[in-house]
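Before any questions on binding or motion, here is one chain by itself as structure tokens, the form predicted alone.
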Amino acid sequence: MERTYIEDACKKAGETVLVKGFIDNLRDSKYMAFIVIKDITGKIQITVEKEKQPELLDTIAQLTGDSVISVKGVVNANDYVKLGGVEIIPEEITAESIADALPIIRKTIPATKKHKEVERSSIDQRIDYRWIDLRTDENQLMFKVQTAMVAALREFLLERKFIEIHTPKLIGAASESGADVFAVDYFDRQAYLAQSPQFYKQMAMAAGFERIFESGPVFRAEKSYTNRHATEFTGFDLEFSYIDSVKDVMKMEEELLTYMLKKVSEQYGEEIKELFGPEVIVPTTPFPVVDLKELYDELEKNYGFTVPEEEKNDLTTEAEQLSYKWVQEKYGHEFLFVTGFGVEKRPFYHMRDEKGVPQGYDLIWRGVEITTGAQREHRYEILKAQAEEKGLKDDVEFYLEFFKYGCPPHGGFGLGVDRMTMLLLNVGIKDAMFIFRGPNRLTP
């Protein structure tokens, strides 16, 4: 018999179905057994009257929580069943895999009259057994949401004639500044894991592709232990040609994110609020924009926040976080574009205006930077001079070649899929990733 997903089985009262999944809950008493079985689409109760079905007793006796079973039976509408008002009266129960006692506590178990509260295992303990931790409703919803996020980003761009590309992750030169890269042995020479697809995105512009995007792994050799950094994560990058200024890049990003959040809200907004708490807010456009110097002035004026003068060419973590309060109070918005960064804090390939100011921005969402975007410098001689200024001319010689033979004005940005998931659901980065990678984490 062909398997029926549980969400479909719940609609088939009076019909015989075959469902398969993990045991989510098991109550085995003298006369009755109640089994809640779960698959990726939902849960359903299996109700066994032991006197009427003695042939099932041996199988039921060996079952444990998280065991995998197959159940064939009749779907019965029953208003007394709290779980959706339906149950399955089984004809057959097959134990596919019996689970040992779980080595972690996935959720806090509240105290009862007889038992003290049992605390949830730490995130690092849960990552040790990530495949077990991922069985929870919250975690499975998280990755459904992440799927919807990436699908919406891709859909938006495909409708606007973007081409999807897949760039190398083994490269011969560092793709950012030369620091924070993982070096690997590559036969008779040294290679690096790509920090971003930046150089190859721009090569696609020189190739006349005009509009491209990519979703893929990104590697950063940062010994950072914050709740938002990882050594490997999933990036969503795009680049497009024939722009007039960095404002075109900012407009593309705000429209892209608004489209994505609208799609996610429509599909999962209610479930996200129920299981995680935050509301999915679909932003209005245009997003607020502030110059970095003006932002520091505003933070000082409104909240007494100050930083040393030498730090004002970049946005500190504390200023990022406080900017969320400011943008909400001033604009009623969750997003903030920050412009006007100093040359020393921006990559050499950012275009600069006549005053030498890099034509780039950071986008802050809920007090955390999710993007650095920019108009790129496409003119060979200027780009070469800016690379030399940063001491990178030899390291990026192959990249500079892309611009010798004609290249249109262009710009782009990159988003961290895991960081966006983290911010959308208000969880830590270790929770938001399928499997986390950090300085102390290389397994599972």
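A residue's number is simply how far along the shown sequence it sits, counting from 1. Note that the coordinates shown come from a computational prediction; the quantities given were computed from them, not determined experimentally.
Although it is not shown, the form predicted together with a small molecule is what the next lines describe.
228 is the sole member of 366, 228, 247, 333 with a non-hydrogen atom within 4.5 Å of the small molecule in the model of the complex. With a 4.5 Å cutoff on heavy atoms, residue 323 does not count as touching the small molecule in the model of the complex; it lies far away. Among heavy atoms of residue 237, some come within 4.5 Å of the small molecule in the model of the complex. Contact between residue 267 and the small molecule in the model of the complex is not found at the 4.5 Å heavy atom cutoff. Proximity of residue 126 to the small molecule in the model of the complex falls outside the 4.5 Å heavy atom cutoff.
Only one of 351-359, 102-110, 256-264, 366-374 places residue heavy atoms within 4.5 angstroms of the small molecule in the model of the complex, namely 366-374. In the model of the complex, no residue of the candidate spot (208, 241 and 378) has a heavy atom lying within 4.5 Å of the small molecule.
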